[in-house]
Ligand code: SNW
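One chain comes next, on its own, written as structure tokens: the form predicted alone.
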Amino acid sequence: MARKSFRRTAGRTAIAAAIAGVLALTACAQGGTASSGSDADDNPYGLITPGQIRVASLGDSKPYTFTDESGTFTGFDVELFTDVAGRIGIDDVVFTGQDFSGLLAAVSNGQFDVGVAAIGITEEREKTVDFSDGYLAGYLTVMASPDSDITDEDSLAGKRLGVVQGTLQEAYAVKNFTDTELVRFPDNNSAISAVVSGSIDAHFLDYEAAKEYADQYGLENAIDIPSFDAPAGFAIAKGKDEFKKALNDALHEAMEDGTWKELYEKWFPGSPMPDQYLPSDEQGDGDSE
């Protein structure tokens, strides 16, 4: 009898333990669901670190994105994105310099929340990342020594032309400068140094960035090429639709209240101003090109 009683007791204990285990698992599952919902509420944009935006950028692309003497990132794109981030409630914005050739991949694979570096929106790049609406358009420039005989695209035939790998300039040159030897660099600084030393004949870069090098090294804009078909946008990983919408809404607010115009005049003094980014009541008034 005692043995039977023990067996029944042991059986009841095992059943009770099993039921307790099921209840515990159910409670954990419910708790996990609640926690996930809370996390989503705290991080609606799916940022790597809630409340912080990690930005992949460039440290040598003046006046768009560059580091000053103290190592702090600044420039038109930096100030514009910081303003846009503040409008969606995020003041903690961390910029990190990258080589342009790997910047979009770093955003796509989740190393950064966004890429900000006057990145032209193209169909090829949209295979890798999503973009905000466009916020900047301009020109491409071939920069050379005043003593060079480079005066138009035909005169580039047989020349050694520098391009930064992965840029619009590289893509344009591959398509249009078929008789030119392209020399690829990781950044503008190294390419311009090659022009100054004479190891290449010219460098193909952005019009605004060329201004700084002209003053610093005595180079000149040999050729200016319109590039309005690929406006710059903020690059984000695919699937972050809520983040993209928030950035677009804030970006258009910055354009409509005149913030974009103020920053453009600060960083690009005297340059043609794209009409489509001005406040709606100023568009088509004839004071921009």
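This is a predicted model, so every value here is computed, not measured. One-based numbering along the sequence shown.
There is also a form predicted in complex with this ligand; it is not shown, and the following applies to it.
> Name the single residue among Leu156, Leu136, Val195, Val163 that comes within 4.5 Å of this ligand in the predicted bound form, judging by heavy atoms.
It is Leu136.
> Pick from Asp206, Asp113, Asp130, Asp201: which has a non-hydrogen atom within 4.5 Å of this ligand in the predicted bound form?
Of the listed residues, the single hit is Asp206.
> Just one stretch in 41-49, 246-254, 231-239, 216-224 has heavy atoms within 4.5 Å of this ligand in the predicted bound form, so which one is it?
In the other structure, the partner sits against 231-239.
> How about Phe100 - does it come within 4.5 Å of this ligand in the predicted bound form, if we only consider non-hydrogen atoms?
Answer yes; at least one heavy atom of Phe100 falls within 4.5 Å of this ligand in the predicted bound form.
> Against this ligand in the predicted bound form, would Leu58 count as a contact residue? Criterion: heavy atoms within 4.5 Å.
Yes, Leu58 lies within 4.5 Å of this ligand in the predicted bound form.
> Is there any non-hydrogen atom of Thr180 lying within 4.5 Å of this ligand in the predicted bound form?
Thr180: no, not in contact with this ligand in the predicted bound form.
> With the partner left out here, check for me: in the predicted bound form, does some heavy atom of Leu80 sit within 4.5 Å of this ligand?
Judged by the heavy-atom cut-off of 4.5 Å, Leu80 is well away from this ligand in the predicted bound form.
> Quick one: name the residues from 109-137 with any non-hydrogen atom within 4.5 angstroms of this ligand in the predicted bound form.
Read in sequence order, the residues that approach this ligand (within 4.5 Å, in the predicted bound form) are Ala117, Ala118, Ile119, Gly120, Arg125, Leu136, Ala137.
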